[in-house]
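Okay, so we've got a single protein chain in two different forms coming up as structure tokens, structure 1 first and structure 2 after it.
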Structure 1
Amino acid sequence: MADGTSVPVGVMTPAMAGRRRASSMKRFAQRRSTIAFLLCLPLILLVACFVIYPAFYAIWLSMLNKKMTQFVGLGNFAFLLKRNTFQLVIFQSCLFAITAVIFKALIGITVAHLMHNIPGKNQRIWRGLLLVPWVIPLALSTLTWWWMFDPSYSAFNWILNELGFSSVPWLGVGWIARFCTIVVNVWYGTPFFMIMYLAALKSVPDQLYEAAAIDGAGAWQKLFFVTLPMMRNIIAITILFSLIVTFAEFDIVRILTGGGPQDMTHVFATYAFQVGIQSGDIPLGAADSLFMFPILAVAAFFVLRGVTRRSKEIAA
């Protein structure tokens, strides 16, 4: 040592311990996983503050009475399930989400194939134009649709009258109003499917199409035996994401119909708003919103399990 004294073998001085700790911390900080975690830490904190905490708080609220002074357990859920209106909400939410997602997927993949065959510069122009419905704020575009469906000043009814047909009460009849909400959601969400599927199409190797053509495959055979198998994971993930967003839809139904006529277009989000905010029963509204979770959890389980299984098959 500096003072001339010797240190027994195996004995660690405070200075040696400090250097070892500094070296360990340096190695820890240089690990890629540590750097990745530190970079993701702000996002993790935001998710914890704005997603995880509100979710657990909503679960707690759903187990309180209307005055939020007494714990009632699953009483709010049992009460909702006994109401005919809420049973109708479950049916309408599933009908709205599943029908809209199916049409968005079918139209999206059709438009993506058409776009894929357009030359470069023209493709960029059309791609930008087709993304406009998805870029415009949803509330603003829904107000435009509401004007076109308006019983007094409807653009659609004006066209029908010019062609000699009678006016249609677009938002005044239950099934027609459901159809209108689904149409607006499909119009808004299809560009997302289109751009995702177009990106997936561009990742399919041309050699596969050339090999299929050599084997005598036609256009439909290339689609079903080359294109779709290569896009299965992208299709599944896109459908799952859209299903989650569509189940939580609020703006379209709230602006177009407000849940009417006769509660025939309510979905989970709009009914939770009516019960929780407008009627002042926040625990019941929280219980209503939580009914989406088991439905989406089951859908996510089967979709992600299929994606994982196919990924393992490709890796093997």
Structure 2
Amino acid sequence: MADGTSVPVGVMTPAMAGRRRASSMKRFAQRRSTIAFLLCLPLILLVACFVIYPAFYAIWLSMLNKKMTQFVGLGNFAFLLKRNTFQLVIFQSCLFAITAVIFKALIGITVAHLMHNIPGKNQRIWRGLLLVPWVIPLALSTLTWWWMFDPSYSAFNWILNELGFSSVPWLGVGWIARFCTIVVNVWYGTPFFMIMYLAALKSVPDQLYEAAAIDGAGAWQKLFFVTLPMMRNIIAITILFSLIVTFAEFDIVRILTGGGPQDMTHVFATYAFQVGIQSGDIPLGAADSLFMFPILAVAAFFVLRGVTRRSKEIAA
């Protein structure tokens, strides 16, 4: 801008122009961030009204009495913790989530490896078939499982009878019912692990395997020293993620057993539903579902750490 032909102008102009440019830049940036904020506004409103506010409202609700007329402090939490049923609920939620996630992860990684072995052009159809459990809405496929677990004339009991065993009361006995709910969850959740791991497997560079082969590594050594370390981050994120979802699981238990027999399959979500909606004690139900929070928060912290690390890697 300052062409420097005349000295006084040349001295003055850059400063002025600079100031003007700075202010227009500032106005531009301001306008830009205003528009940006406006574009985000629907999201902020939605999340604030229907996620953040209810979350805090849940804390307030959990400290009221059943008729929601009186403040009882931590009374609901203390009441729940003393109740035998609720102790069972804590135990079952942890059992359900941890067992199911372990099996989903193990089966998922096995199937992903098998898929990785077969030629790429065949993978699509196999993947499509294996993803079917995950595609059908869970509430609907659980109905089928319920029918298959039917005690009198069920699909499974018929096979057992044909093989000479006696019928099993699938959903009628505590531990067997717990086992059934976990089986259904594993069936439903494994495909998700499979596609995540398959994608991660494909991203491991071939050179690493070649280098390992030259160094004389066998198949197992490659798995433990190349594949798993390379996939560590994505495995961790997927497991934590699935832990959160499985912990909050509702559909399977609600439909299959409704929490029975003798409350031996209730998890936090179904118990909160029974207490809060069916028995009409919303504060107690809210207190019950808030017990999920610490576990979810810890898992979310680790997921977030993994995700930010990942985004940094992408940015780098």
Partner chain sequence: MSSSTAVAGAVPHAQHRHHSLHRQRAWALWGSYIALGCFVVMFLVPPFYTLMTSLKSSAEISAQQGNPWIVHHPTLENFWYLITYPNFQTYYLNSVMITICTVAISMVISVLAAFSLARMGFWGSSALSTGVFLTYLIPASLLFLPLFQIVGFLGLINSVWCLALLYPTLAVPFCTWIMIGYFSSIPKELDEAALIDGAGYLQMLWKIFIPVAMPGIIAATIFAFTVSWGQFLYPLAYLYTSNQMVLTVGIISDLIRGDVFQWGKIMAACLLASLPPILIYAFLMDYYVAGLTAGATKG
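Here the rigid core means the biggest group of C-alpha atoms that line up within 1.5 Å when the two forms are laid on top of each other. Throughout, residue numbering runs from 1 along the sequence of structure 1. All values derive from a computational prediction rather than experimental measurement.
The form predicted on its own is represented by structure 1; structure 2 is the other form. Once the rigid core is used as the reference frame, the Cα position of Gly280 differs between the two structures by less than 2 Å. A movement of the C-alpha atom of Met264 falling short of 2 angstroms is seen between the two structures when the two forms are aligned on their rigid core. Relative to the superposed rigid core, the position of the CA of Val47 differs between the two structures by 2 Å or more. Taking the core as the reference frame, the CA atom of Ala299 shifts 3.6 angstrom between the two structures.
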